[in-house]
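Quick heads-up: it's one chain on its own, the form predicted on its own, in structure tokens.
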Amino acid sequence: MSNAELEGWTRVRGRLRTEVGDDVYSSWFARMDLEAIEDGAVRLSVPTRFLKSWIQSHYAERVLACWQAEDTKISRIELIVRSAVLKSTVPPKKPDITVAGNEAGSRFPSGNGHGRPISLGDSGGHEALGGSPLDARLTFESFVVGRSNTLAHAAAKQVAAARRSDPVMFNPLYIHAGVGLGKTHLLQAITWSGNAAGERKVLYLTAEKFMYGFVSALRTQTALAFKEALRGIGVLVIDDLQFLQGKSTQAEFCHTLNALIDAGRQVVIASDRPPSELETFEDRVRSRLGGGLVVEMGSLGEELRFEILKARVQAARSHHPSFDVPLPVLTYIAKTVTHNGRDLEGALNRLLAHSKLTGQPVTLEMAEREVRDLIRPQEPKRVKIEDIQRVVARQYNVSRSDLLSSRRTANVVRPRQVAMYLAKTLTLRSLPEIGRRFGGRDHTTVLHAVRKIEGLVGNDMALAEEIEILKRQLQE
């Protein structure tokens, strides 16, 4: 593809991200690649049939519109599923972290550490039981550790290094974080390392792959073989659990989770939110998920972003020896590209592409021009209901258990109403969800509390000031 086509694709992705928002873009479009532009048709590829089906059903017209805004000659979009091609029969012992444009960044199918698919016995031929594709770059050696991810990294290493006879220390290991902060990297590192050791079978599945496998098993009447094969796994690794949809699929996941944990098998899960905020899951599932070790990976600090960039540049040099990024440029990117690790890699990809295609050295002026659309305003802190309850309880000198209790004394009722009001105004949670988090109350109770505080704030300046103070404390 020409440089102009690649630049056009970059602009189309920018339009798409702006239209659908960062979360939707990261969930459905981050892994979409441009394959070719021919005769007014744009051919795009995605890694799974599930993604292809979802995008065709929900976003095909929007993607086409974004392309037509870039080039009026484009008349149609073709979506294909790219195959995970095995580039080597033996994955490198210490794979480099690479940027786009080299073979080491290719997707590898899930395996046993020797390039062969894991054998799970009589699985009924289910594709899902081969695992989701693994990226050879995502290993413990390439993971950059900082203050925000130290505990998650240590827990993942412990799981990967455990032997079959070792007692399970925490089960499940549940890692949650925002988009692009390293959850998938750790889960795939566990899979690579665990299978290379050969002690236990480690199966890595995305939630969509689990759904696909279960639905396929039901359709082919081989559900029993599918379930038995899953429950024979030594370590089951599930990524992006928040995308697991459907009551029957969630029920089967719960049964599998219980069976594995009760049998002393390790389960590792990643999601973009803690178990308590998986609103579509039943209480018993949330409770079981929260019963292990729940670890949050925080946002990447500037120092960690700088170290990640240095590692990425060093890895890129193994394939592009002339690629050099001056320290002032790395410092600038680390300071200004703050959203997540994928944006950092995207910034370096742009510098590499520009340098290779134009032959010009990387300069600060070039970097400012190339990454300007990745510099986003700081998002406000995501407020959690637990934080609201804690801050309100401290402000009014009551306990959090008082707020959740059925007590109706005046010194508890008002703080409880204030907390419900703040939960409605500072979070995206629904009234029923807020009620459930306040001791299982009905949504009408929450609505009454919200309206009560709204009415008082207009006439009671002292209360209005108290609420503003609470808001500032929660958003700092």
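Sequential numbering from 1, following the sequence displayed. Remember, predicted model here, so these are calculated numbers, not experimental data.
The form predicted in complex with a small molecule exists for this protein as well; it is not shown, and the discussion that follows is about that form.
Checked against the small molecule in the predicted complex, the candidates R342, R394, K356, R317 yield a single residue with a heavy atom inside 4.5 Å, and that residue is R342.
Taking S142, T338, T256, S276 one by one, only a single residue has any non-hydrogen atom within 4.5 Å of the small molecule in the predicted complex, and it is S142.
Heavy atoms within 4.5 Å of the small molecule in the predicted complex map, among the stretches 386-394, 161-169, 342-350, 326-334, onto 342-350 alone. Using a 4.5 Å cutoff between non-hydrogen atoms, A189 does not count as a contact of the small molecule in the predicted complex. Interface membership of P133, defined by any non-hydrogen atom within 4.5 Å of the small molecule in the predicted complex, is ruled out. G194 falls outside the set of residues with a heavy atom inside 4.5 Å of the small molecule in the predicted complex. The small molecule is not drawn, but in the predicted complex it has no heavy atom within 4.5 Å of Q250.
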